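The chain below stands alone and is given in structure tokens; this is the form predicted on its own.
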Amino acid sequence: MKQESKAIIDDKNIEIFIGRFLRLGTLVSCGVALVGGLLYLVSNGMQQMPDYGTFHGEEAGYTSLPGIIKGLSSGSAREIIQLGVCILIATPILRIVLSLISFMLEKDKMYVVITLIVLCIILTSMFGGLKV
């Protein structure tokens, strides 16, 4: 029984799973961003071209996850596009988490520590500057 479970969870199967996960995450994020882009063009496509000569910062709804979720409830196309970007950013981070799980299953302590350090650095740099 133990040999069967070990045979199911080997390096090749984990790599195949991670590869499929990355492909699925990329396709889902592209699909969400495409839907948001099409909705944006339908609702704003006939408006005049904005003035790109001056920079106008984005509102909080486009730069924070709670703002994006709040905008999704109203069906805003911009927040749908932002959700696609968030999914695209989250996909490689979840890949690192999956790698961490795979190294834990393999009981490879050195790579578990290295992967934990990489994950901590990424999460700290992502959320370190936020004022939540």
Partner chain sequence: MYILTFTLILLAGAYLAGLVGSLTGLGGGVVIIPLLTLAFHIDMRYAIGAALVSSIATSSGSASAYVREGITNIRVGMFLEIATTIGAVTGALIAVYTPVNLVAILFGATLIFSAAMTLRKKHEDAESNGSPWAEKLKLNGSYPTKDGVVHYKLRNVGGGFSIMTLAGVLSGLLGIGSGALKVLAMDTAMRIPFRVSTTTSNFMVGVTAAASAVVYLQRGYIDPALAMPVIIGVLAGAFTGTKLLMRINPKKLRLIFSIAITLVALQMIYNGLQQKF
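Residue numbers count along the first chain shown, from 1. Think of the rigid core as the biggest set of C-alphas that the two forms share within 1.5 Å after superposition. Owing to the predicted nature of the structure, the values given are computational and were not obtained by experimental measurement.
Separately, the form predicted in complex with its partner chain exists; it is not shown, and the next lines address it.
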query: Ile89: touches its partner chain in the predicted complex, heavy atom cutoff 4.5 angstroms; finding: yes
query: Any non-hydrogen atom of Gly53 within 4.5 angstroms of its partner chain in the predicted complex; finding: yes
query: Close approach of Gly37 to its partner chain in the predicted complex, 4.5 Å, heavy atom; finding: yes
query: Interface membership of Gln48, its partner chain in the predicted complex, 4.5 Å heavy atom rule; finding: yes
query: Residues of 105-120 having any heavy atom within 4.5 Å of its partner chain in the predicted complex, listed in sequence order; finding: Glu106, Asp108, Met110, Tyr111, Ile114, Thr115, Ile117, Val118
query: Core fit, then Gly75 C-alpha moves 2 Å or more between the shown form and the other one; finding: no
query: Post core alignment: Met49 C-alpha displaced by 2 Å or more between the shown form and the other one; finding: yes
